[in-house]
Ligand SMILES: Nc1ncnc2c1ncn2[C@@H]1O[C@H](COP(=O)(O)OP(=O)(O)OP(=O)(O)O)[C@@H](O)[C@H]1O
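A single chain comes next, written as structure tokens; it is the form predicted alone.
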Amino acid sequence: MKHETVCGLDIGTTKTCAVVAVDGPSGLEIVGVGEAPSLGMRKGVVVDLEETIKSIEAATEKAERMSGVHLGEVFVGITGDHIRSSNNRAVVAVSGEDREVSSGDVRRVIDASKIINLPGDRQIIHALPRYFTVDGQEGVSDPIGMAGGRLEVDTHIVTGSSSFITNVLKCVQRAGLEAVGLVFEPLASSAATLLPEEKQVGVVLLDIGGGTTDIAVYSLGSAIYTATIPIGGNMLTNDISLGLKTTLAEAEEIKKRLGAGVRDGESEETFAVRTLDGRGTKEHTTATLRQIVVPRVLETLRMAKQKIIENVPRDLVLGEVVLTGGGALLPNIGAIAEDVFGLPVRTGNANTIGGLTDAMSAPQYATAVGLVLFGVNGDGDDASRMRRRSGALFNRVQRWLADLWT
């Protein structure tokens, strides 16, 4: 990548986060971070343009101040219930007289895989190559230079609603920034938290944000299924607020401190909760909290599991579940997820980039950090292939963004 500075912009339901990284001699290193409350988004969709613009401006201003870099181009995270994914296959004839696969052939076959029946109000966000096939030989990760007459590709295609995407891009543009790429957020989170070995064996990533829970399933090194559920941590805060008859701020604090309450067999605790008017407190037990929290957490995890069962081949082996996003910090959520999925569960911290403080490697920043990595490496599965294609990728992104605005 030619740009020395790369910026990721995660416009979430709870917070907007900008991350600035510099591509130095020893690789990417984070040099600036900015965060601001997000008031104009709901479940990954813009509901107030002005508020969203303000939060983008506030977050990028802080990141600029910390890094000493003026931000111009950003990779923007996108999510929402409007996102859909599918897998597609395409084939082209190798064009050269020497029957050697060129980068042009790879571009042509990926472009051919994007020819799908799409309603007029939808756009392709990603067409990620899963693997190539050369003259019947499957499982090729990089076909360039191989001899053959027939090149096929299996791609994972992610699409979104044009109007929702346009509203996000309008906010970015009016905040004085240029979106050079859009990234579906769980793919960004995966780039920051998953190891290549995990993607190879088979892994489920659940990115539990404030307004949505994003799903990414990887097998044999690449994404095979991605989706979004319109339930997140904010709904849980709302449940606690209603159940304990307290303010949202107090409910959020209780959620972070006690989460799903104690596990079965452990002793119950009593804790004080401020009343709605803020003048007094009332005693509640962790058993009461558990009755509020556990059903909502179970509902979210079971919805995710059901989507995976319906859309992923039954014979696919999955090795573990990785929880990231702010919801991954909910006390005891790992044990509940293990019960639901019947798989080992770990917390996904961003760990694949330099300059990270302990605070920035926390799960709630995985998407923002991953946007920087995705911006440089694509899905992070094969950086060399992505770099060879980077010029064409940026041209395609710019053409696609231009089409949106016309």
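Numbers for residues come from their place in the sequence shown, where the first is 1. Keep in mind the model is a prediction, meaning the values are calculated, not measured.
Keep in mind that the form predicted in complex with the ligand is missing from the display, and what follows is about it.
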Specify the contacting stretch among 318-326, 290-298, 101-109, 176-184, defined as having any heavy atom within 4.5 Å of the ligand in the predicted complex.
318-326
Could you tell me if K255 has a non-hydrogen atom within 4.5 Å of the ligand in the predicted complex?
yes
Going by a heavy atom distance of 4.5 Å, is G233 a contact of the ligand in the predicted complex?
yes
Quick one: is Q364 in contact with the ligand in the predicted complex, heavy atoms, 4.5 Å cut-off?
yes
So, in the predicted complex, is G44 in contact with the ligand at a 4.5 angstroms heavy atom limit?
yes
Heavy atom within 4.5 Å of the ligand in the predicted complex: which of T212, S113, T193, S85?
T212
Identify which of V134, A90, L169, L330 has a heavy atom within 4.5 Å of the ligand in the predicted complex; exactly one of them does.
L330
From first to last in sequence, which residues of 5-29 have any non-hydrogen atom within 4.5 angstroms of the ligand in the predicted complex?
D10, G12, T13, T14, K15
